[in-house]
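We begin with a single chain expressed as C-alpha cells, specifically the form predicted on its own.
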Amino acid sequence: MDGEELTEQETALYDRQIRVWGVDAQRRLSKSHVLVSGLNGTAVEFCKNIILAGVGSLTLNDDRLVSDELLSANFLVDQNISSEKPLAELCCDSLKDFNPMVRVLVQKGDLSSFGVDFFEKFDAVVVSCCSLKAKKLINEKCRKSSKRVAFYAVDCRDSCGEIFVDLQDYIYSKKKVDEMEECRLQYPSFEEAIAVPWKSLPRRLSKLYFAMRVIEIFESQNGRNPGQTSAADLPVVLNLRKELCETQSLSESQVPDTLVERLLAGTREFPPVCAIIGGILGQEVIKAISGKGDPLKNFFYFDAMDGKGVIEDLSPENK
C-alpha cells in the first residue's frame, strides 16, 4: 500500500476530500478493502458513505430475499421490486452508480463458516443483523488474522442505535499544536467487552447497553434471528432481565421496562437514525483506515428520544 500512489483520475475525483484529510489518508482509503454483512438501512447508509469517500473495494454479504420489512429503510432497492435476487446483489447494482472508481462485489454464504484466511483480505469488516454467537465468532477470526482487521458491529432497533468497535492494537496520528503526535489504543474483543461484570461498570452507563444485551441474550437463548421479536415477548424478556440483574448485582431500574418494550416492538429501523448511525460508522472506518484522528472506543449509543450520542469505553482493564 505504501508504494502505491493515487492516479490522476483519483486525485481529480477526490480533490475536496484530499483538502480535508490529506493525500496520504486518501491513498490509504483508495487501496483499502471493506466487507459489509447484513444490508439493513443502517448498513446501506454506511455503504453509500464509504463508497463516496472512495474505498478501493466494497464486498457485500446478504443472501436474504427482498421483503417489505427489509425494504422499510433500504433506499438502494426499489420499493416495488419483486425479485429472486439476493439482497446483496440488488444493493450491489445500485451502489455501483455512486462511484465508478470503487469495485463493488458480492460474497454469498454464511460469514460464520468462513475461515481466517477469508477475513485477511479485508481492512475492515462490518456486521449488522448479526446474532450474538456470530458477532463473537467473526470478531475472533478477524483478531486471528496475520494483519490487523478492524471489526465493527452495528445494530439499530426502533429509534435507537449501537456501534461496537474493535481495532485491536491500534496506532494512529493526532495533531497536537503544530506537530503530529503518535497515539496507541488497546481494544478488547466483543466477547471480552460484554463479559465485564455489570456491577463494575460506570454508574452513569447508557441504559441502552444493558437493554441491548438482555434482548441479544433472549434472541440467542430462543433461537431467534436479530430483530425477530415483538411486544408479546415482553413478559419473558422482563423475567430474563430480572435474572440477569440479580446475577450481575445490578438494579433493574438500569434496564427500564419502557426501553425494553420499545426495542422489542420496534423491529423496523427509523430511517433518520439509520442516516446518523451510518454516517458515524463511515467516519470511524475512514479514521481506522487512514490512521488519522481519534477513533471511537469502543461502544457508541444514540437514542432519537433525547437526541444524544454517547461513547462508552467498556474494557476489562477499566473495571
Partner chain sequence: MVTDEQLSAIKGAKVLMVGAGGIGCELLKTLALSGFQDIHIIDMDTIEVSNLNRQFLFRQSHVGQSKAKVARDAILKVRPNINITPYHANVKDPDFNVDFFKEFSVVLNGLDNLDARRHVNRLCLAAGVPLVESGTTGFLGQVTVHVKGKTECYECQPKPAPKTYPVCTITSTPSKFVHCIVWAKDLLFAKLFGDKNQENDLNVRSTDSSGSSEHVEDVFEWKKDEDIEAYGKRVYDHVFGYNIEVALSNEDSWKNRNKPRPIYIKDVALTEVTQQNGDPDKTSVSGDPLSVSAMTILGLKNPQDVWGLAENSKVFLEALKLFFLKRAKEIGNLSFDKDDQLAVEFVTAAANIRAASFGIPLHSLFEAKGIAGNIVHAVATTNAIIAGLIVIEAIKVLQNNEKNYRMTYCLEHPARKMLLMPVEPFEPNKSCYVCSETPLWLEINTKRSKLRDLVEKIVKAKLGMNLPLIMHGSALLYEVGDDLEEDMVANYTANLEKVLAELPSPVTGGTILTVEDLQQELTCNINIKHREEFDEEKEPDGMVLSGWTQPVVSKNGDMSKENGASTSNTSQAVSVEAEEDDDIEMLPAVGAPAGKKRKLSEDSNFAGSDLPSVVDDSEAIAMLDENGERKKKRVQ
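Positions refer to the first chain, counted from 1. As the structure is a prediction and not an experimental result, all values here were calculated from the model.
There is another form of this protein, the form predicted together with its partner chain, and it is not shown here; the text below is about that form.
- In the predicted bound form, no residue of the candidate spot (65, 123 and 208) has a heavy atom lying within 4.5 Å of its partner chain.
- Only one segment in the set 273 to 281, 30 to 38, 249 to 257, 57 to 65 has residues whose heavy atoms sit within 4.5 Å of its partner chain in the predicted bound form; it is 273 to 281.
- In the predicted bound form, residue 18 approaches its partner chain with a heavy atom inside 4.5 Å.
- Taking the partner from elsewhere, residue 178 is found to have a heavy atom lying within 4.5 Å of its partner chain in the predicted bound form.
- Taking non-hydrogen atoms only, residue 240 never approaches its partner chain to within 4.5 angstroms in the predicted bound form.
- The closest non-hydrogen atom of residue 72 lies within 4.5 Å of its partner chain in the predicted bound form.
- If you take 288 to 306 and check each residue for a heavy atom within 4.5 Å of its partner chain in the predicted bound form, you get 294, 296, 300, 302, 304, 306, in sequence order.
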